[in-house]
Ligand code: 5GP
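Taking the form predicted on its own, here's one chain by itself in structure tokens.
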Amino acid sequence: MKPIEDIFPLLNQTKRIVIVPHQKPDADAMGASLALSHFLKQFGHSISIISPTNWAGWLNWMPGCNEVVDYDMFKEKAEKILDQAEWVFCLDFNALHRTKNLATKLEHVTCPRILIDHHQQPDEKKFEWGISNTNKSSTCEMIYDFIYASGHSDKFTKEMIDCIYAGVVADTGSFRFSSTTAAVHQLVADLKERGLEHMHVHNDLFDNFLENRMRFIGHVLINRMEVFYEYNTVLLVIPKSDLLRFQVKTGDTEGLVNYPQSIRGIKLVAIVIDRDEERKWSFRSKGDFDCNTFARKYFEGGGHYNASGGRSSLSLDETVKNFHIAMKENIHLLQ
């Protein structure tokens, strides 16, 4: 993978560009994709954003989100766009399988793939150019850096500012996570000087849900949360029946894994959700427990040191049993 700086001299050469985030894009993935799109359009490029799947409805406020193509829903249209692409930017994921059903198509595109991502252990051989920096808080921070490094900081627009800030505030846990460096605060200060109205972004991200989500969260915390104090661990197990009962939609479980972290002494929080095709895991940790290694070893996943995800094709009961085994095997790291 060649340095991403190599493409800076090529930005003025108009191209057909496709931007792809990971499946079920969150605020960082969607924010980065939209911010990069608004930036590149100013050079005269033809830009399309293709999401591998649908996304949370509370992201629809982001400027340009209405133009994103859902690959699962509009596969033929999306593949025609990819067939004509001259560059494909891959944002907020570092292995093609993170794009689910789109992965095979991405594997066979004939144009260069360009990586901008902050997750561990990138599959660098799949990308012509790119940058992978695990020290960055978010891919949105990396898009901000990309714009500055390219020498075009004069091209920031209000739309870009809102999208970048949304991704940064979401991926830093409203600036509580250890990834919140001095550079992150400097970024926010710069965006404020450029006209950022942060209150409306916060409202759209965190105060934009339906009543059923609040009742769902209450139900989960009362009935689906198990605390293992001897392992300093909390496990949330959500069966499919709960998703149906509370009409849970994409994005409604976002942030749920963070709630038990407020319990004193808890070092690891895990949540497993019974989806149709697989069981989806999310892990959050405090201190020196490595979620990335844990997720990769036991649940076909990965991510960041203190925040990772995973999956299992086993039944819900079986994957929960495997978690209990994994938790006991890691007791020396959890105590």
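One rule holds for the numbers: they count along the sequence shown, beginning at 1. These figures come from a predicted structure and were not determined experimentally.
The protein also exists as the form predicted together with guanosine-5'-monophosphate (5GP); that form is not presented, and the subsequent description refers to it.
No residue in the set Val220, Pro239 and Arg245 has a non-hydrogen atom no more than 4.5 Å from guanosine-5'-monophosphate (5GP) in the predicted complex. Only one of 124 to 132, 68 to 76, 94 to 102, 225 to 233 places residue heavy atoms within 4.5 angstroms of guanosine-5'-monophosphate (5GP) in the predicted complex, namely 94 to 102. Note on contacts: among Leu40, Ala307, Ile266, Ala56, the single residue with a heavy atom within 4.5 Å of guanosine-5'-monophosphate (5GP) in the predicted complex is Ala307. Under a 4.5 angstroms non-hydrogen atom cutoff, guanosine-5'-monophosphate (5GP) in the predicted complex lacks Gly64 among its neighbouring residues.
Residue contact check for His45: none of its heavy atoms lie within 4.5 Å of guanosine-5'-monophosphate (5GP) in the predicted complex. Remark: His152 does not count among the residues lining guanosine-5'-monophosphate (5GP) in the predicted complex, judged by a heavy atom distance of 4.5 Å or less. Remark: Ser282 counts among the residues lining guanosine-5'-monophosphate (5GP) in the predicted complex, judged by a heavy atom distance of 4.5 Å or less. Along 2 to 34, a non-hydrogen atom within 4.5 Å of guanosine-5'-monophosphate (5GP) in the predicted complex is carried only by His22.
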